[in-house]
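Both blocks below hold the same protein chain, though in two forms, and each is given as C-alpha cells: structure 1 and structure 2.
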Structure 1
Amino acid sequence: MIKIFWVEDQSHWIEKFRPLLERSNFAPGAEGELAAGENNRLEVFRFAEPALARIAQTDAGDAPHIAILDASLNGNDDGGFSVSKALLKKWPALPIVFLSEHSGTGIEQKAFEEGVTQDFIAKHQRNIEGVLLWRMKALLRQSLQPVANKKAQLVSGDLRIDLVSWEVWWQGNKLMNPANPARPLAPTPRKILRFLVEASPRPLTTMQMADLLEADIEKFSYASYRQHIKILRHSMAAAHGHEQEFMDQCRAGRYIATFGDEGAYCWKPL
C-alpha cells in the first residue's frame, strides 16, 4: 500500500483513474491488483491552495510515496509548478509525475528545465491507464526498494549501470547517443559495457563478446565490436565533459582500453 498525493482540477480524470490508482499493486515486482480490503491511500485536491496548505501541515515523516500533478490548475499554468516546488522543498527525494494535456508544449519544456518533475505524461495518449501505472512503478522502484536497488546496480569507479532500467551514468551524467544527445544510447553498446565491467580486469575478445551477446558470429566481427566501442567511448566522452581528455585516457590504456592484438577490449577504472 502506498500514499499518493494527487492534484487534479477535472473530475473526469479523477473518476477515471481513482479505481485504478487505489487498487493497483505498486510493490516492486508485483503484478495486478492489491488483495481485497487493501487500498492505496489517495489524497486528491482540486485546487492548488488546499494542496499547498496540506503540504505545510503534513509531518516530514508522513511523506507521500509519489505525487501526480496536473500542470495547469483552473486556468493557472503555474499551478502544478507551485505545488511541485512546495513538495520538493519538504521532501526533496519525492518522485513527481506531471499528468497533463500540455505534453509537447512550452509547459512540458519549462517543467523539465526547472526540474520540478521526473516524468511528463500526456493525458490523451493511447492506453493512458497502462502508461501511467508503468511509469509510476518505474519511479517508485527506486524509493520502495532501496536495499534491493543497490544489488541491481553495477558500480565501477565513476561508472554506474542500473541493471533493471539499464540506464548508464558516468560521473553522474547519463550516457546518451553520441550522434544525437537527445536520443538514448543504443542497447548493444550498453550491454557491451556491462559485460566489460563484469569481466574487468580481464579483457573480452570478439569471440567472447559475441558469445555473451548471443550474437551471430558471422555478423558480429571485430569491425562491429570496434564500431560499438567507438560509439561507447564517444558517449562516455560526451558525459565526461572534456572529450579529448577521455579519449587520451583510453589511448593510454585506461577506461575502455584496447587489449593486445586479438581484437579485445578491457575495462580499467582509474
Structure 2
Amino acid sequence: MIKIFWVEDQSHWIEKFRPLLERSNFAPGAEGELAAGENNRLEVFRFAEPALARIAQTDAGDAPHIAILDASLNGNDDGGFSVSKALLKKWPALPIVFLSEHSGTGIEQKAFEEGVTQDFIAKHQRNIEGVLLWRMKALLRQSLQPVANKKAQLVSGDLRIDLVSWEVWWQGNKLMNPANPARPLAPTPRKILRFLVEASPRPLTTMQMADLLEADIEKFSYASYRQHIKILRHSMAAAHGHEQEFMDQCRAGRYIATFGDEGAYCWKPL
C-alpha cells in the first residue's frame, strides 16, 4: 500500500483515475491489483489552499510516497506549482507527477525549468490509464529502493543535490546564479557544496577542496575558494527567502560555515 497525495480540480478526472490509483499494486516488481480488502491511501484535494494546509499540518515522518498534481487549478496556472513547492520544501525527495491538460505549453516548460516535477503527463492521450500507471511505477521504483535512491540524490536537512543532473534545491527552491537569477548556479560552486556535504561535519581546507575538484593547485587558491563560497551563500540565501537570516546563520557557524584559520569551510545543517 502506498500513500498518494492528489490535487485535481475536475471531478470527472477524479472519477476516472480513482479506481486505478486505489487498487493498483505499486510495489517494485508487482503486477496487477492489491489483495482483496487492501487499497492504496489517497488524499484528494480539489483546491490548492486545503492541500497547502494539509502539507503544513502533516508530520515530517508521515510523508506521502508520491504526489499527482494538476498544473492549473481553478483557473490559477500557478496552483499546482505552489503545492509542489510546499511538498518539496517539506519532503525534498518526494516524487511528483504533473497530470495536466497543458502538456507541450509554457506551463510544462516552466515546471521543468523550476524543478517542481519529475514527470509531466498529458491527460488527453491514448491509453492514459496505462501511461499514468507505468510512469508512476518508474518513479516509485527509484524512491522505494533506498540504496538506489541514495546513489541518485544527496540529502542533508533542507538541502537536496541530484547527483545525476547536478541540480541543487534548498527548501524546495532551485539554486540559481545570484548574478543572473534566470540561470542555474554554476557547476563549480555546486560541486563544492556536494563535497562539503559529503565531508560534513569535517571541514575541508583549500588544498583538500582543490584535490576533490581535481583543480590546478597553482590556480585554486584560498581566494578562489572563498569566492565560490560567497556565491554559494548568496545563492542559498536567495532560495531561503530571508537572505539576511541565512547569512547571519552562516556567520554564527551554521550552514556554510568558516572553520579555523587554515582557509577551511564546513557544512553544518541545523
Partner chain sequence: MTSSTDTKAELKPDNFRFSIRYPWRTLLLVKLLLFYALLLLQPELISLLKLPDFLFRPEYFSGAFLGFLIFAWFDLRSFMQQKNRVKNQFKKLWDNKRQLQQRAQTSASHTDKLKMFISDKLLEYIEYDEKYLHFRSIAAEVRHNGVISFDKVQSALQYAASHSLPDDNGSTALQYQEALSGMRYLWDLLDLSTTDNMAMHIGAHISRCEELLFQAELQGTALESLPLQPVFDPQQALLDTLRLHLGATLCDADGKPEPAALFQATTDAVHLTDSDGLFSIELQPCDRLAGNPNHLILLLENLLKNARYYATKKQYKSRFPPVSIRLWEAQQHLCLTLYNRGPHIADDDRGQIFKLGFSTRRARGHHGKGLGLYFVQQITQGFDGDIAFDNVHNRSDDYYLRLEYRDGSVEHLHLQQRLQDELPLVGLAGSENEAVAQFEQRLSKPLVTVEISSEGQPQVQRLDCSGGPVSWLDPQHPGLPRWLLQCSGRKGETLIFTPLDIRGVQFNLRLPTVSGRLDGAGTAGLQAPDVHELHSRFRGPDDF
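This one's a predicted model, so the numbers in the text were calculated from it and none came from an experiment. Along the sequence of structure 1, residues get numbers from 1 upward. Take the two forms, find the largest set of C-alpha atoms that superpose within 1.5 Å, and that set is the rigid core.
Next on the checklist: Of the two forms I pasted, which one is the form predicted on its own: 1 or 2?
Outcome noted: The form predicted on its own is shown as structure 2.
Next on the checklist: Quick check on A53: with the core superposed, does its CA move 2 angstroms or more between the two structures?
Outcome noted: After core superposition, the C-alpha of A53 moves less than 2 Å between the two structures.
Checklist entry - Hey, does H12 budge by 2 Å or more at the Cα between the two structures once the core is superposed? => result No, the C-alpha position differs by under 2 Å between the two structures.
Checklist entry - Fitting the rigid core first, would the Cα of A93 be found 2 Å or more away between the two structures? => result Comparing forms between the two structures, the A93 CA shifts below 2 Å.
Checklist entry - What is the magnitude, in angstrom, of the C-alpha shift at P184 between the two structures when the rigid core serves as the superposition reference? => result Reported C-alpha shift between the two structures: 22.1 Å at P184.
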